[in-house]
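Heads up, the chain below is alone and in the form predicted on its own; it's given as structure tokens.
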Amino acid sequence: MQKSTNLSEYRKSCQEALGDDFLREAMDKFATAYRANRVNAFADMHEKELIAEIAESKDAAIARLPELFEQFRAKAEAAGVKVHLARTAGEANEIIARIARDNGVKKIVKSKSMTAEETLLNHALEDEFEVVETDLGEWIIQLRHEGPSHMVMPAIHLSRHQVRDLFSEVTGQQQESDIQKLVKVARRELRRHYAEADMGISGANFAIAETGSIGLVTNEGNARLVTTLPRVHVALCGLDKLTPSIHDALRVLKALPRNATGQALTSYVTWITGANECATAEGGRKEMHVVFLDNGRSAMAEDPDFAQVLRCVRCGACANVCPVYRLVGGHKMGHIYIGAIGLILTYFFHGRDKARNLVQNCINCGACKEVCAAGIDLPRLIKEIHSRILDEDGHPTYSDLLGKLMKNRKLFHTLLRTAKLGQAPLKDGEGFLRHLPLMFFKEHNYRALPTIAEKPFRDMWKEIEPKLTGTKLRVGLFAGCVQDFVYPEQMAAAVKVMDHGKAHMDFPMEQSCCGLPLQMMGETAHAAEVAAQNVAALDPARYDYIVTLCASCASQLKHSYPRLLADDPAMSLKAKQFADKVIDFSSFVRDVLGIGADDFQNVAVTTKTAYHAPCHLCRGLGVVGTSQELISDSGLDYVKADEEDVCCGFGGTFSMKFPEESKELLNKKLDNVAKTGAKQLLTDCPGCVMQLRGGARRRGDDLQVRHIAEALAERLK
């Protein structure tokens, strides 16, 4: 659980997790295996079509929650089940405690339920009843008095040696660290609790309205014992688990185990309709209750932006692929709910004081959105939560000032030009700062930072602007602030390549930063003002394409601008037209201009060249393989590094707020490149160049890091 009261405390807690070697090793192994297993599990089906169908059916159900609840209640009560609706977590706990008291319950066995974690059910019951978790992972963390560190694998943060010591203490006998023997110990210890328990508490993955049935998906079979042996069964589930039909549930079931653990099938699926026979119960029939938890879900269902959060099927995949979760684990990357969805749910279910620091620990790589079984736009919603929290708490002075500065293009650019003069004593002659300015701390010294360029691209433009005749396309160039003022040579190289393809280019001087840094800081209003400036500067009516060399800028221009300007009657249509014409450099060069092998020198280069796929290119824009094909077509010796598409750790303002995590991600990336033997590393994003080049420089790696445009320009005939 999150107890940090400010970002500094939260950072320190994350640093403690970074120092846990076992946690890091376990997370690495799991993350690597999961990626491969998930690909194999979905190999025989159309994953994206299935996700779209799930999203559509869940949205339809979310819009009918009151109706589905009444339908479920009527069917379930007809089958002998007592149905309850709890408005709050406390009310749900009280209902369950009352059921236990009314039935003379002394011992309760539980199967895994994230909803019960949400309500802190064990805390509410344990003073009055004996409560025993029966899922192996949940039992382990209950014995350790911890919360889960993963929604599906709650004890993933522990080693078998730690479990051995724990079981030795619990049983009073020295246990071995062999996993199978530890499982047998747990099975033996738990069996008697099943037999002695008066009440079983389960969750429910599905609540089928048409039949009044609940569905449970497990891997250990303990839920069947929990729901079968005791004379009283209580199922606790969120209203979002209501689904119209068994068909809808089975559709989700296709994706759930594949997304959760990379399994094609789960071990157990249990369907329960009505209070079934029970020899030990009075009258020979079990007493069954279903407690639905609202806890803000009904209000969320009516929110046009956040209703999609209720699509979540609790597979935990957003944590499985999150590079930050992989570093620090679920106890730091969540409160009760874990991973990207946890950052959002924490705000709604547990309050902004618990979410305030968490939402800033998102690197915005888009990996969670890519694998979400319900197609939830998690990165965007996390940014929106951050913005809401700032609106409620008040914006920090530095954040507000930066927003005001960046929306004033002339002032912002003047500051950058002034910084060029001020950096003179700090330059090392190779494009880096020798020493970090005092505003930075030593933890940022893991990468060398670049200097501001002598001449920004906007000042070079008139000198290098091609004078073409017979051109075939009108292109607006969007530089972004990094390539305009730090790496103008990347833009110059791109102009050479696109000139070769006979594009007619224009560089409007009124353009400014894309505004992504502002959105990452929660300054949505300022980001919208910057967006309006750029749409006005690059009027989409004047161009066939708007090309940018920055994948992050491209994703921001294409996906965020229409939303940011949706409520501006003067700009909303222009923003959509603008977004439609935005394209990344590599796709434009290969797919639109048709530049290929025949355009490059017919001399192969033996220097091995690796590629880093920027998050906002491969996931944000869905461009996969294009740049690698260009590299090979140009005659360079392309070699693929492990986890080529995993984040480099930059993430804009993320690397400033969480330098320790950024450093770890950077080193992992450079280590993977080093294993290939590559001497050159190319990418499609100036931010990634800054991170990777600065890191390689600081490590002393024999590696040249460049934008792909620079390499292609050199190889043209």
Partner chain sequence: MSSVDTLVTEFTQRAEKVGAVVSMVKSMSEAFAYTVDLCERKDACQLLLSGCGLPLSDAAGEMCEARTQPKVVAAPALAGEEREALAAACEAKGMTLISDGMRKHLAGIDIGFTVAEYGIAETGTIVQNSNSEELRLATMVSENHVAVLPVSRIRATSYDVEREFVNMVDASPSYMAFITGPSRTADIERVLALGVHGPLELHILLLEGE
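Numbering follows the first chain given and starts at 1. Note that the structure is a prediction, hence the values are computed from the model and not measured.
Beyond what is shown, the protein has a form predicted together with its partner chain; the following relates to that form.
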Legend entry - its partner chain contact at residue 405 in the predicted complex, heavy atom, 4.5 Å: no
Inset, instruction - Flag residue 268 as yes or no: does it have a non-hydrogen atom within 4.5 angstroms of any non-hydrogen atom of its partner chain in the predicted complex? - result: yes
Inset, instruction - Spell out, yes or no, whether the shortest heavy atom distance between residue 154 and its partner chain in the predicted complex is within 4.5 Å. - result: yes
Inset, instruction - Check whether residue 194 has any heavy atom within 4.5 Å of a heavy atom of its partner chain in the predicted complex, and answer yes or no. - result: yes
Legend entry - in the predicted complex, the one of 618, 307, 528, 225 near its partner chain [non-hydrogen atom within 4.5 angstroms]: 225
Legend entry - Contact residue in the predicted complex, from 173, 601, 606, 397 (heavy atom within 4.5 Å of its partner chain): 173
Legend entry - Candidate stretches 416-424, 545-553, 643-651, 128-136 - the one whose heavy atoms come within 4.5 Å of its partner chain in the predicted complex: 128-136
Inset, instruction - Residue by residue through 258-294, tell me which have a non-hydrogen atom within 4.5 angstroms of its partner chain in the predicted complex. - result: 263, 264, 265, 266, 267, 268, 269, 270, 271, 272, 273, 274, 275, 276, 277, 278, 279, 280, 285
